[in-house]
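Below you'll find only one chain, the form predicted alone, shown as structure tokens.
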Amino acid sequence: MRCITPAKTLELERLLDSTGTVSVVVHTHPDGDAAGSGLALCSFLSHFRALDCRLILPDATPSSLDFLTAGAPVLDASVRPDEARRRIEASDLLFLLDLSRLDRSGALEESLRRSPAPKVLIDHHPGPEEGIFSLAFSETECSSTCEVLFYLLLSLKDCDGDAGKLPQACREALLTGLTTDTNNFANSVFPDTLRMVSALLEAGTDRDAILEQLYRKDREERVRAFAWLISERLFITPEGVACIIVDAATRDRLDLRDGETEGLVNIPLQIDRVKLSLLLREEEGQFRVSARSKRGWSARKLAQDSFNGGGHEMAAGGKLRWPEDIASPAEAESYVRRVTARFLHEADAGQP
């Protein structure tokens, strides 16, 4: 992996040898990759270096990840903001995982910027914030932050290239994050991705148990909500853009909990004529936007151009705000139809 060099690994070893209190921070609305990479790093540092390491979450993880977070050294800043702030202030070393900019840490941003502690980035998103990180391991041609972290941990003296030396909790968290960020190997899979999975399986990691927790423990209400949303709220434009809009009233009526719309945006891509799929979820006075695309169409560019966001070529996200972008939530559908029609027309015009 290009971002992992002997010089940078040596510098990380030096930082770890001179620290005692470590905090790991991930992005808001933490998904499997954020929580998985954070917990994997904490497990590794506690096991091999006996460091006081805690994962600070800007807000809660979805219930599907409870099997990872239960009993783990996790601090939810949305529940205990003062404790999270004090923890950051007391840290000798900060790791920023699965976020390329500090503003993606939400309410933790100010404390992170004030902290004089060295900040180490481990990430796979494009465009890392310049001048913030003392050390950066950032690789965009990669399935997940968990994949970057896996190869980084193997480069340290504790493992010396042997995945079998990783603690079991570390291995399970890494494989969980990789699985969710690739949509169970449906996208963003590279040769190194499969090599990582092979090494983790050879080390005894139980992938079937992880899949059972991630995909076979849903509440009945969530499954029925997906069925209703696809039947009643999915529209497909003539240009081939699928979209589902979940406003606050619908979310509450369907009893959808935080994180339970995860994966819904991928389902319309099963339809042959769909090129791009969008999911808009009303949260905190705006729509959070998830964008997915088939090969040849850029979810990243659409998110950048029309939804105040960005991400990977075929998996991106952003926000749709009112009154900045639209006058009211009721205008979301017409906005989506208008900007996606223009986007696909321009994309078609630009193809050879």
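None of these values were measured; they are calculated from a predicted model. Residue numbers run from 1 along the displayed sequence.
Keep in mind that the form predicted in complex with a small molecule is missing from the display, and what follows is about it.
Taking non-hydrogen atoms only, R288 approaches the small molecule to within 4.5 angstroms in the model of the complex. Remark: G32 does not count among the residues lining the small molecule in the model of the complex, judged by a heavy atom distance of 4.5 Å or less. Put simply, L302 is far from the small molecule in the model of the complex: not one heavy atom of it is within 4.5 Å. Using a 4.5 angstroms threshold between heavy atoms, P62 stays clear of the small molecule in the model of the complex.
Of the stretches 322-330, 36-44, 51-59, 303-311, only 303-311 has residues with a heavy atom within 4.5 Å of the small molecule in the model of the complex. Using a 4.5 angstroms heavy atom cutoff to the small molecule in the model of the complex, none of G240, I244 and R337 count as contacting.
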